[in-house]
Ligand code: GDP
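One chain is shown next in structure tokens, namely the form predicted alone.
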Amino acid sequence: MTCQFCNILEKQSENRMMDAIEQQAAAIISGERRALARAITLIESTRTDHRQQAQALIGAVGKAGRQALRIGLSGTPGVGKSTFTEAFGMMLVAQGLRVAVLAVDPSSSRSGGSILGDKTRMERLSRHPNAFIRPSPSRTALGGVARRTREAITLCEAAGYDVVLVETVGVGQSEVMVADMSDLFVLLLAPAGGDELQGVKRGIMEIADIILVNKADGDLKSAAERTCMDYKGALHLLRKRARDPEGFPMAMSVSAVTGTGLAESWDAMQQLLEWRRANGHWDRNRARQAAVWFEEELRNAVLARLENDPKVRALRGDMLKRVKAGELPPDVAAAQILALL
């Protein structure tokens, strides 16, 4: 009788949770900004019960079937990503589009903290009723984005935003994960930031769809134009990709301060995406990205099991001591832990 009563209580609790999830999903789909902000906080939580709620919420909002244009924006620190994002976002909302910005801030490897100052930098855009800005810490995630950025994109799409801009942490050659969650990848560069040889280096350069040389104004204008020409030459040396029309990937010079080149860069983005849609590359890219993130979630689930399993934790501590003492090679110790799975 007691067990039956417990089952009834558990079922009632589960029903209440699902009702709350459905209400929150409805609020997000109706465009409530506070509901969207609370939902992103939920999906970023690492608590087990919150993860279950987050998965249910993602499933609930997915029923809306909405899609947005996902643009990944990356560049080295100090290149003017936040300034460009605000200027670009203001141009889009002026055209009647709803814009969401997911800005990823680097986390300290010592304290784990992040400044999360991107919203302060985008003061005009953050006040606009058709814009939503959410800074998130990268924590331990590599690749220039946060662990749950992809789920945050899904929530923003469900909320009815037309364009989702993902602004990564300042990156180098290898932080390219944002390309696996966006429809178009824009790389911002500074004037005099490299030559033609730098432009043909593999990594972030070869996955960029559009390269924008920022700060093409004032004393830096001529330097920006020279840098742009260098990268145009470099792009000709890279192998042409099947998913690109003639002329892409391309390099352009822009100024986030004066607005020069912003409209032209938006036109280029739309031209590229329309061609990809017409030729089936949009759908194939979305399917490939879903497969990539399935594999990523599977890897993370295995790591979480290694972290949380009591037997594994006990053996891990013992193996760690033996590795430090030189009694076991690291690969042998790791194999013994994995054998428990």
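Residues carry their position along the shown sequence, with the first being 1. Not measured: the values here are computed from a predicted model.
Not on display, but discussed next: the form predicted in complex with this ligand.
Comment: this ligand is not present in this chain, but in the predicted bound form one of S136, S82, T154, S182 has a heavy atom within 4.5 Å of it, namely S82. P77 is the sole member of P77, G247, P129, G96 with a non-hydrogen atom within 4.5 Å of this ligand in the predicted bound form. The stretch that touches this ligand in the predicted bound form, counting heavy atoms within 4.5 Å, is 254-262, out of 96-104, 154-162, 223-231, 254-262. At the 4.5 Å threshold, heavy atoms of D217 reach this ligand in the predicted bound form.
Heavy atoms of R121 reach within 4.5 Å of this ligand in the predicted bound form, making it an interface residue.
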